[in-house]
Structure formats: structure tokens, C-alpha cells
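Okay, so here's just one chain, in C-alpha cells, the form predicted on its own.
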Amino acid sequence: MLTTLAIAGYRSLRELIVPLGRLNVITGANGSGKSSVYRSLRLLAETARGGVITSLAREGGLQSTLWAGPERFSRAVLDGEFAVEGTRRKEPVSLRLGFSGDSFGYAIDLGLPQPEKPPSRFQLDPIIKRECIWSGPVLRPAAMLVDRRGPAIHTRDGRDWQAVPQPVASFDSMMTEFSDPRTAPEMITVREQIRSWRFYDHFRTDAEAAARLPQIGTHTPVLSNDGADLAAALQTIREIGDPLALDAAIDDAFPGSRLDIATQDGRFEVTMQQHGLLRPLKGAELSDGTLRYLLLVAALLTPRPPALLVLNEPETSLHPDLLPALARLIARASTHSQVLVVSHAARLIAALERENDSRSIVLEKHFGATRIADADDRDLPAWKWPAR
């Protein structure tokens, strides 16, 4: 389980250290930085898949994602005596992401390449300056296990360090380019942990959504990101998962209703018999809110729980009366996975905060930078960034 999430230099997250528990609810006013926290987690997940640089490019490149404020705020600015003004940069351009838990920690530092002669056309393409994996929740020299500086990777061998003979490209993460189980088993452990993370934030429920239409059915223990394989995922839960929990989740939200998966020529289609109707409704006839709830049911009752499950505004399109049932589903999922929910729905937040082991993280803006409301350094976990 992750105990700390750390981000520095990403959008409004100038320097944010977030303590994490088993069930986490991130909330705050519009523009407080909730989406940036979610995006930063997705960027971290891309390091284990080799896509962190590409993901930054989709966001407009490193220059568009960097913290846009000054490096530091003077006391006079904080006291309101002077306006915020830019000064000459003293530190290198840097976007840093990291996390830690009781077993391992990981951090990555991205920046810009040094000017070349003749100049490269990739001068604005970010490169990876430093990557580290360490043992325990806090980075210490004695706890370092794998250390990457520029193209060079070193792994710890007892008290000594061993250089990896094959250098890694500046735009490639060591997490995907090096995987020797003999010299760096910790890297494989951390990489597979990150690869197990799941994110759900864009379920299509429009009239043309694939979840409404018959689809070829195959065993689907993990719902796809867009929910296109909903019918197969629900049938998988019924056959190799927890069918009683599935029926209870439907009855909790829609009392007297029954979910079924119709099959014809190998194609699966969601149908729901609702109380008072003479025939079941097909997926194409379900309301947006009902379909979205079924998608969340399939994601949360997965027979193959991930290490971390992240939901971004799951309340979208749901009637407020469905939120308590959704909260109970999320709480149940947190018994098998660490869960992080980004939301601004007061009723969902209140229901989740009543659950055991839940942690509420309220974000706010201060001089354009995101911080945790009513938190000081004593409330935050210890964290140290690796130096370049």
C-alpha cells in the first residue's frame, strides 16, 4: 500500500506531499488541483509502461505542464506587502513525481536536455535526469537499491554498487529498459506493482457507447478503461467472481431490479428487469446514470483486484440517491485494493468519510499553488527528493 504521494513542479502542484491510507477521498473547490493530482498519478503509472514522455507530449509538452509560478515566495509576498514577480531561475527546470510505502519507494525527475551543437530539434523534449528505488518509506543513502543518473544505472549488491553495462536512453525509463531479476529484483517488484494500478475516468454512456451494444463475450476479469466490454465483465463476475455481491449491488441501487446478460451467437448484451416493467430493458434503453452505475459495479467488483484503484469523479451522471450505494461499493473494494477517489459530490464524500480507514484530503489554492487545507509540516509524511 502507498503511504505517500509526492509531486513537485507539475501544474499547480508546486510541492505537494500527500499522506495516503487504505481509502482516500481527494476533494476541494473547482480549480484547487484535484485533476492535477489525478493526472500526476497517471503519469507515474506511465513510467512502468514506457509512456511518461509521450503522455507529457499529449498535455502540451513539459513547458505546458510545469508550475507557472515563481521558484520561491518571499516573506514580503506571503505577507501581502509586494506582488508576485518573476526572478532569475536559480534551479534547473524540473518535474518530479514519486511515491513510497512500507516496502519500497520510487521517484523520477524530468527536465530539459543540455544545449547541443549543432542544435537538436528535440531541445524541448523532456529527458529523465534521475530515477531511484529505495527500501522503506523515506529515501536514505543506506536504503537506496537502484539509482539511475542520466544514462547510467547502478544497482546495490550488498554494500557495494554494480554498474549496469547497457546504458538507457535519456527518454526511456529504467523501469521498462532494465529487468534483470538477479541484480535488481526490486525493480521488477515495483514495476509490476505500478502496472497493476487501474484508472477509471471516462466511461462512455452516450447513445453510441459500446457498453450499450452487443459485444463478443470473452472472460473479462478486468473492465476496460472505456467500459466497452461491460457485459462480458459482469458475466465474468457472476461466474468466477462474487455473484451475491453483484446482485446485492444492483438491489441496493435499484430495489427489486435484476441484472442479466443476454447471449446470442456468442454476443453478450446487458439487460435489466426493473420493478414494475413487463420486460427487461436492453443496454440501449438504459439511462446514462443507470449504465454508469453498472460500469462502476463492474470496475469495483472485479475478480482480479489491483494494488491501487483510482476513480476520477465517479458521481458523473449519477442521481444523488445512488451515491450512498456507490459509496458502499467503493468501501467494499477498499478491503481488497487501495482506493483513491477524486470527487466534489458532497453526498458521496460524506458517505465515504464515514467508512473505517478512510482519509479525506481537502485541497485548496494558496498563491496559485495547491496545498492540503489545514495541514502543516507536522501533519505530512517525511519525504526527500533525490538530488541530480
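As the structure is a prediction and not an experimental result, all values here were calculated from the model. So that there is no doubt, residue numbering starts at 1 and follows the sequence shown.
Form predicted in complex with a small molecule: not shown, discussed below.
S.K.: Is there a heavy atom of Asn24 lying 4.5 Å or less from a heavy atom of the small molecule in the predicted complex?
M.R.: Although the small molecule is absent here, Asn24 would stay clear of it in the predicted complex, with no heavy atoms inside 4.5 Å.
S.K.: Are any of the heavy atoms in Ser337 no more than 4.5 Å from a heavy atom of the small molecule in the predicted complex?
M.R.: Close contact is absent here: in the predicted complex, Ser337 is far from the small molecule, nothing within 4.5 Å, heavy atoms only.
S.K.: Is there any non-hydrogen atom of Glu313 lying within 4.5 Å of the small molecule in the predicted complex?
M.R.: Yes, Glu313 lies within 4.5 Å of the small molecule in the predicted complex.
S.K.: Any of the heavy atoms of Ser64 lying within 4.5 Å of the small molecule in the predicted complex?
M.R.: Yes, Ser64 is a contact residue.
S.K.: For the interface check, one of 353-361, 34-42, 319-327, 51-59 should have non-hydrogen atoms within 4.5 Å of the small molecule in the predicted complex; which one?
M.R.: Residues of 34-42 come within 4.5 Å of the partner.
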